[in-house]
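In the form predicted alone, a lone chain appears below as structure tokens.
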């Protein structure tokens, strides 16, 4: 019994107190037990953790951190890990027998496969040109050398036995020949060596004979091959040679691979030039061309020093002389006399002389004077006498516009190079004067711009504006930006002058919009200021007229064109824009304050409506002034009646002088009318028209109005109130169709507009009072609340209780996580402190050891010193 108790006690003491998975002892240490006492006993409350073992829990946590966190801390700077790649190690669906069989199969497969392509020691037959390396190492090939070292270092067995075997014994492999009479006496060493030499010479002669026989057979075979080669040269037909097999066609992949193989590799190209570099090159080109034009206009020849020949030394052989033309003549006789060909006259302009003159003219017209009198300063231009001048001239001329390039090319071809010191012909001077200059300064005022552009064709005006922009690019000088900003306002004013001229030059205005757009992109602030100034001036003028006379007339064509250009230069779909928003207000004022008193006013109003629709094409913004004006135009084209299903607003009147301005009653004029667009020149002013022409104009205005109504239907059809908006237009169109007082074309157009109006869906519903739940009367019935849980959580629904439970659980888990993180940090801090203390202790130990060794050496040195003094 005593032994059993002692053994049990030993086992219990051997077990670790904080081991994982071990249960608490039935009789723990009373000093390790912590009891959580309650002050009051609460009925129904479950008590947990009344008794705990903090020491045991602390030991378990420490052991767990040692096995996990400490291991990660020690391996924090290590990247190597051990991975178990055994087959099926972590696959529980495979039995152990299957794992072993599969592993054995993989091991056998790994042993039989080649491990490395550079390992030559494996059991694999290696070849060289189809011959095994093992056979090559045997040296069985025929040696063509006649030297004595034919064996390539290999010694025969007899020679080895003779020299290295002592020479006294019999040669191995040779049977001793014994005569019948008795034993043969052994041969001496000398005899054996002589016999060996004779045998080797005999073998050499045999090999030489075999080699000669092989050479003879080879020569004979070559001769026979040459005889039958001519017979084999003729090719067999494809059907016979191919044996009925067609050559397979390459597939798409093979064709693509071949194309990629023959594809040209990418070549490096020059970098793209910046905008400043391009502007600088363009300015230099225009300056060079302007200097050339001024030279031709003044009739000056190239300076003598520009093409002055270089200094010739006494030893110069003039190797650079090239004879351009062959002036030699063929010697011929006619009637016994020598025939001498006469030179063509210099005045003739045909044949080869014309071509020579053309080539000379091209080569001469390229050079420019070094010192020019032009105001723009072209003193740094130099002429070039090389053969590259013609190519540079073609490149310079090619970059100009079409008209300019044709003119300059004709000038280059027509010039004839005079001798040095002579002046150019008068025709060339006149052509140079008529030619446009290549460089222009930015005009300082609108009058200066008008003087530059007036009297020139449309192409020349565009070319002048383009050259002004290129010669004064903002990147070329500091003040060019401000000058070009003013140029936009000058061009805008010039366009207004063209619009008010009689007749208005609308073609030039249309082409000048492009340089206006370019300048607007470069200088948006200057462009917006200029357009706002023009619109503000027009609005102030109209307001002054309204205050004076009570009504205003439609502005001139210049203001209308300004409004059209503003919509082309600036974005019209913005909610608010510094230029477009004032322009929209100006358009709305024109449609509401300007009455229609003539056909010219009707044309202007319809043009304003077109501009209005262009402005709101993207934003789909509703414009009530536009609908009212179109309804007024339709009212003017409809005979007045007492009953109207619509209401007119200012500036239109139901009855009055101009209430039937667009009404046509002549049937002959209706029959002869053809639909066409209204010319914009009519907005500038209508000349005296006959009654038929006036009726045709009225019908054209009505057709344009119907087309605008159709555009409005398509633009505003998605509005919820579209049918209410289009009710006046629908009434006018229905009444107009009922009277049958218009041509069939307009009737068909009216029917199509009405059909589109009816096809638009209705997006609104009638107003209905909102249905609300009746409010019950207050009663004194008590409210019953189901109590799901006692305590502070009562009086809530199940979802609220679940939410509170999750919040409480999250808070508890969060606190536990924070506590564990704090304990982990404390554990790591203790580990770091222990490492530091170990390093310090080790350092102290080493320092102490060093001091001890130094003290020992010092003591030995002093003892030795004392011995020396004693002696």
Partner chain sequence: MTAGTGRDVSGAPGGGATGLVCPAWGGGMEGDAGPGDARRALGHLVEAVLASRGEANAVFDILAVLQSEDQEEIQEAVHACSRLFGALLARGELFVGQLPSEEMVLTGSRGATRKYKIWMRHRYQSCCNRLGELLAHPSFQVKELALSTLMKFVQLEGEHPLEKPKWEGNYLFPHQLFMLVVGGLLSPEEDRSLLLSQFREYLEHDDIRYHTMQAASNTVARTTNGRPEVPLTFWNNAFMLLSSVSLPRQESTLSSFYVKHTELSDKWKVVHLKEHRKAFQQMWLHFLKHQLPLCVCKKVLVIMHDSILPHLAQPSLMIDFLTRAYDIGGAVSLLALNGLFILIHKHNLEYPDFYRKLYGLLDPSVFHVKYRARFFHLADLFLSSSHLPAYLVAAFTKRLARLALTAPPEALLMVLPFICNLLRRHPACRVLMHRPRGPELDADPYDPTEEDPAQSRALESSLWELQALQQHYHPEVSKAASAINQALSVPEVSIAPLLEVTAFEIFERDLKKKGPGSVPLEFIPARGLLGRREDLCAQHFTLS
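What you see is a predicted model; the values in this text were computed from it and never measured. Numbering follows the first chain given and starts at 1. Basically, rigid core = biggest C-alpha set you can superpose within 1.5 Å across the two forms.
Absent from the display: the form predicted together with its partner chain. The rest refers to it.
This chain appears without its partner; in the model of the complex, the one residue of 476, 442, 757, 539 with a heavy atom within 4.5 Å of its partner chain is 539.
Checked against its partner chain in the model of the complex, the residues 801, 659, 598, 528 give one hit for a heavy atom within 4.5 Å, which is 528. Put simply, residue 766 is close to its partner chain in the model of the complex: some heavy atom of it is within 4.5 Å. Taking the partner from elsewhere, residue 279 is found to have every heavy atom lying beyond 4.5 Å of its partner chain in the model of the complex. Mapping the unseen interface onto this chain, residue 517 counts among the residues with a heavy atom inside 4.5 Å of its partner chain in the model of the complex. Though the partner is left out of this view, residue 77 does not reach within 4.5 Å of its partner chain in the model of the complex, counting heavy atoms only.
With its partner chain left out of view, the stretch that reaches within 4.5 Å of it through heavy atoms in the model of the complex is, among 211-219, 666-674, 517-525, 195-203, 517-525. After superposition on the rigid core, the Cα of residue 769 moves by 2 Å or more between the shown form and the other one. Annotation: Cα of residue 549 displaced by at least 2 Å between the shown form and the other one, core superposition. Three angstroms is the minimum change: in the model of the complex, the CA atoms of residue 483 and residue 290 sit farther apart than in this structure, by 3 Å or more.
In the model of the complex, the Cα atoms of residue 285 and residue 521 sit 3 Å or more nearer to each other than they do here.
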